[in-house]
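Two forms of the same protein chain are encoded below as structure tokens; each is given separately, as structure 1 and structure 2.
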Structure 1
């Protein structure tokens, strides 16, 4: 058991390394193909910098060396922890990412937990009442949500809750014109509610439909039939049979959704002007800040991979069937 776990973890770690190297190569090639000129992106639209100085900057950065040599230089400095300087924030990339990631994490974390809990409960309700009105309503709701673009839902929420009703602020993570140290927790929270809600509403559909299927499957099994025959109430059937069987797949699925969560965060942060990692992606993409963009790509891969790995480990640790299989 111990040995197989170690082997499993080692394999996963090795795979992560191959994926990261591939990602570095692919993003480097993509950025190489892009028509963005790093020197222009760096100096901006300023005309004060002449062609000669531009050539000097290019020379200093080694832009006229062959691509393979440049890739190796970039790659070794990434390995050494020097991810370059962000051109739009004028600070080291790692520092920018660290700061932005923290505020994104608050947003994504809340949305992730909310969508998991609500989706799970709705899914169980729909699965038990399969074919009844409650099931049809919940399923219809989920099918609509699956086809809804995140950003549009954000726009809708702004229109209804921020503009018409005026319950929440329209954008940003803090009130405008207030110093960072004066921002109260309540302010921060009220700015977080709408984006987190938007992000969680979309996650609900996935987990809910999945849980519904699983619950309906469990309800059709012989042991539930026997439990009913024994006279167990629906309540005790749910707590004794359904939740035990359904929760593990649901939790794993929730960990596998890190990729969609990150993608959704890009749109939500853009719509609400929330200063997180997703907002930084769009800004760096639009303004040609290649070091930051490549840095975020690497971080996002690690983020998604952590989610997938957690799901795998959960399965192996919790599910006795898979655990026994590994042993044998």
Structure 2
């Protein structure tokens, strides 16, 4: 491994560690300032739980200790590999996150691929047809998407495709009242369509508009004008000149969209009652489940940081000029 590569990886690893520590501290402070009482959220609306029982519950979960002591105990256990137990699910945090993350990963993965491919194609078409009807329609479509709230689009899809047309289920990831072993792959896919469609449609706009601008710039360059002058076909220009120059920024932007993808998944999972990581983070915040919320915060940061790191690595691998700048 080259020295420049080792330095690059060390810097990124050090940055990740500092971000994780800062995130944990900020998340803990915000939960402490929250008006939600974890014990009240734990017992619910039951009036049969007396003061003594509430005190025992607080002692069991360590809620009666000072905040600094609780944070240090949690942080120490994290370093030892123990992420604690979820107050909501009564299971280890890592087990809950693993189950929820797999569900969210399927949703985000499909949406990520669809939004990237469709946005890239539409962006190239709009850039090539700059100023024409196709460009105006695609640009207007993307600007409408940017200003559309995620939850509103999800509700609209439910009303049209689930309620009126009846093509897809309204919510959940599996049919209600069916055992997990009896759920078929087709059932899971049918419940995944609307959430994935909502998330992917909203992710198209940024990729499309960015690709459109880059494509339009390429189409105005001297070498493209020269290719047109010598009679090169439009298809040849697109594949030999446009795609090669536009693909790197588009791929980079696609990996940088991990944070937007995760944030959008939270709203989508709430609208469709989809039992993924986004739904779990909302529940843990509303019910004061600090171990689960802290665990999800760590996993989400690693997930987003991985996307950013992948974009940086792709830049270094594909574009040699960046490696030369780092060496210099």
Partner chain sequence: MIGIREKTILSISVFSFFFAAILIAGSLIKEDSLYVELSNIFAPPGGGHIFGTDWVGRDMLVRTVKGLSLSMKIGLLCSVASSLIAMVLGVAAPLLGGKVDIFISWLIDFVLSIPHTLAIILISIACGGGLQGIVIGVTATHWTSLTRVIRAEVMQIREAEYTKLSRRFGKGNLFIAKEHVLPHIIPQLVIGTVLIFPHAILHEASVTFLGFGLPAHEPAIGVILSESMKYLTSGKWWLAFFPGISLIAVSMMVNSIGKNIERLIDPKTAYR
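What we label the rigid core is the largest C-alpha set whose atoms superpose within 1.5 Å from one form to the other. Residue numbers count along the first chain shown, from 1. Since the model is a prediction, treat every value here as computed from it, not as a measurement.
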**OP:** Just flag whichever of structures 1 and 2 is the form predicted alone.
**Re:** 2
Subject >> Chain position at the hinge linking the two rigid parts, options 140, 17, 225, 133, forms compared between structures 1 and 2 >> reply: 17
Original post:
Relative to the larger rigid part, how many degrees does the smaller part rotate between structures 1 and 2?
Top reply: 8
**OP:** May I ask for the C-alpha shift of residue 56 between structures 1 and 2, in Å, based on superposition of the rigid core?
**Re:** 4.3
**OP:** Determine, in Å, the CA shift of residue 69 between structures 1 and 2 after the rigid core is used for superposition.
**Re:** 3.1
